[in-house]
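One chain follows as structure tokens, the form predicted alone.
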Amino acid sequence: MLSSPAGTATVETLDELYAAIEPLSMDAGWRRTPGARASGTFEPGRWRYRDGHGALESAGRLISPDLSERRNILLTNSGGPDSTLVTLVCAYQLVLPGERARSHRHTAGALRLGLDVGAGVYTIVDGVRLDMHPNDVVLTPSWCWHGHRNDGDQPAYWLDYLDSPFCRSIDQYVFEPFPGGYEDVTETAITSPYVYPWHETKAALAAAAVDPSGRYGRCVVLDRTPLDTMRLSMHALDAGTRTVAFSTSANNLYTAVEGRGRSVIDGRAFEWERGDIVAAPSGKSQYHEADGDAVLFCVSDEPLLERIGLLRTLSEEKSIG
């Protein structure tokens, strides 16, 4: 279990929590009003899991899922108050033992990556129980009912990723609460097209060939259930690897799943370890260095740009302009 810094984990009031996380480019998701639009310029950035974990520890004492739709800490950027990148937003979320998070659905597509998740933690998607384990990727595609429960005895921490900034930018974000608040489980899935278990992904990475372009190490695309607006991929980097720099019109969110290293985005180096997020905005040069064996999870808006003919990828000698 991650040890959180005292600065975010020991505050005693919500106002103190808001003041503690603001300098970390984080905000409380329950304070946001759906419908906010992105504005301004998006910058490369890095968010530490230890900071988000600590903020959620405090939030666990100060706010209940009964009072808010989600107990989550948004990763914010200068370009927009509810966005991590122009089309994507990411957040750390906590569900305590015995808690349940209300069911709802929205036009935004979403997924989550398990971080510190024990037994008895699951998402209910259209009535189907989908259990979550560390490093599992669980989808909740657009307009699927979904809620969360923790029937275990340990706090559950994970990362959420959504394309809601894109949906809001074109006035297509619609949100609907589940009648009565909580959807019942009607079926428990042993396997599901919405779940990418970590043991399967790890085996696929071990068998994957090295990416010939040098940009991604050994790459596995999680496309059993393709999403219209987001591409999901895992990248295994052997110890000492430095990937080839490139720039792309796509926006990329990199999450450290295993190991330590750094991502160099637009010439700025961002150190990372498990659970940290690095944002690479459109047009910025990017490459990664692994200190030991490492795995990065990438969420990108490539499919969206590809559909409208705006996806471009260039080598480090060129730039997107």
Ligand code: 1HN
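Heads up: residue numbers just count along the shown sequence, starting at 1. The structure presented is a predicted model; accordingly, all values stated were derived computationally and were not measured.
The same protein also has a form predicted together with this ligand, omitted here; what follows describes it.
Residue contact with this ligand in the predicted complex: N135 places no heavy atom within 4.5 Å of it. Interface residue remark: S169 is not counted as part of the site for this ligand in the predicted complex, having no heavy atom within 4.5 Å.
With a 4.5 Å cutoff on heavy atoms, N72 counts as touching this ligand in the predicted complex. For the chain shown alone, V117 is not a contact residue for this ligand in the predicted complex, no non-hydrogen atom being within 4.5 angstroms.
Not one of R231, T248 and E302 is positioned with any heavy atom within 4.5 Å of this ligand in the predicted complex. A heavy atom within 4.5 Å of this ligand in the predicted complex is found for exactly one of D126, D131, D160, E99: D160. Put simply, of H106, K202, R149, R218 only one has a heavy atom within 4.5 Å of this ligand in the predicted complex, and it is H106. Looking at 140-148, 188-196, 203-211, 219-227, the stretch with residues near this ligand in the predicted complex, meaning non-hydrogen atoms within 4.5 angstroms, turns out to be 140-148.
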